[in-house]
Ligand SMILES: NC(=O)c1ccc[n+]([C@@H]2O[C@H](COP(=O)([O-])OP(=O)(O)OC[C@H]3O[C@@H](n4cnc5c(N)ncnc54)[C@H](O)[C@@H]3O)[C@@H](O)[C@H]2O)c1
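In the form predicted on its own, a lone chain appears below as structure tokens.
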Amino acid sequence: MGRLTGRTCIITGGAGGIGAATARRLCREGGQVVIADILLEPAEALAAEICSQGGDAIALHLDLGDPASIAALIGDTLAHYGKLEVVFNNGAATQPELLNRDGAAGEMDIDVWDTTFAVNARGTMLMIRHALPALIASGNGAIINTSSGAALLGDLARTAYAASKAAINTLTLYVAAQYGKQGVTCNVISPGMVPTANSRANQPEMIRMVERHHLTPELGYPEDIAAMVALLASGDGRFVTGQILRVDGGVSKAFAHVADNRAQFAAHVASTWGTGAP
């Protein structure tokens, strides 16, 4: 038996990338998984793939910008499985036409700001709001929210996206404080850069540049994030709540100059002690 046997899990933004990797992982661990996505066809294809391999998954349409769609998702999940123990709030407004218009605060397009917050912040809040009665009833519910390193540092663009993810961080702390005594944990996963297969193949110089600033030998894969979700969704994560977990290869845990000073430091150590630096 897997760690998630008998646990019903919703994954928003479940059709691709981190969502798809998590759906596969939770099903391998025995979970019953609802793959919720605004793109229904790839969600259905993924559910069919998982079921063909012995897993238990269904696909449901979800528009995080539409409160009625969120309420329907929770209702349809309960109608199908009869219960709900885990919600992985992974969906976000990441379409290129929106992100490309998300610039500096001084030039912010109000429609970009409002759309980003409606999907990322309000959508996550409404998912939690509608799921909470079932999660509390389960006696051991788990909410996992996807944030971003962008919410913890400053940058030159994507201001609305970063601010919406910061809102999710704070929402997580409040939900953990408010519903922990009722058996519900609530945590944030803040991923580092998780390149797509396409960017790894077509942008190798960019990948190498970003890798220099990580403490791990290479960047992460969707499966690395899925592994943390599986932990938090299972009984093994029952004593972890109210945390912002940076699953980012250590990129947020070293000074910016570390990447540029590695070779210089190694040469200094070698000349001084005759050994190589870390």
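Each residue number is its position in the shown sequence, starting from 1. All values derive from a computational prediction rather than experimental measurement.
One more form of this protein should be noted, the form predicted in complex with the ligand, which is absent from this view; the next part is about it.
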Which one, V194, L171, A163, L126, lies within 4.5 Å of the ligand in the model of the complex by heavy atoms? V194
Only hit among T77, T146, T185, T116 for heavy atom within 4.5 Å of the ligand in the model of the complex is T146
Do heavy atoms from each of C9, Q53 and G141 fall within 4.5 Å of the ligand in the model of the complex? no
Partner absent here, but in the model of the complex, which of 229-237, 25-33, 64-72, 44-52 has residues with a heavy atom within 4.5 Å of the ligand? 64-72
Can T94 be called a contact residue for the ligand in the model of the complex at 4.5 Å between heavy atoms? yes
Is N198 near the ligand? Define near as a heavy atom within 4.5 Å, in the model of the complex. yes
Should L39 be classed as touching the ligand in the model of the complex when contacts are defined as heavy atoms within 4.5 Å? yes
Hey, the CA atoms of E218 and A201 end up closer or farther in the model of the complex than in the shown form, with the change being 3 Å or more? farther
Explain in one word, closer or farther, how the Cα atoms of R200 and E218 are placed in the model of the complex relative to this form, where the distance changes by 3 Å or more. farther
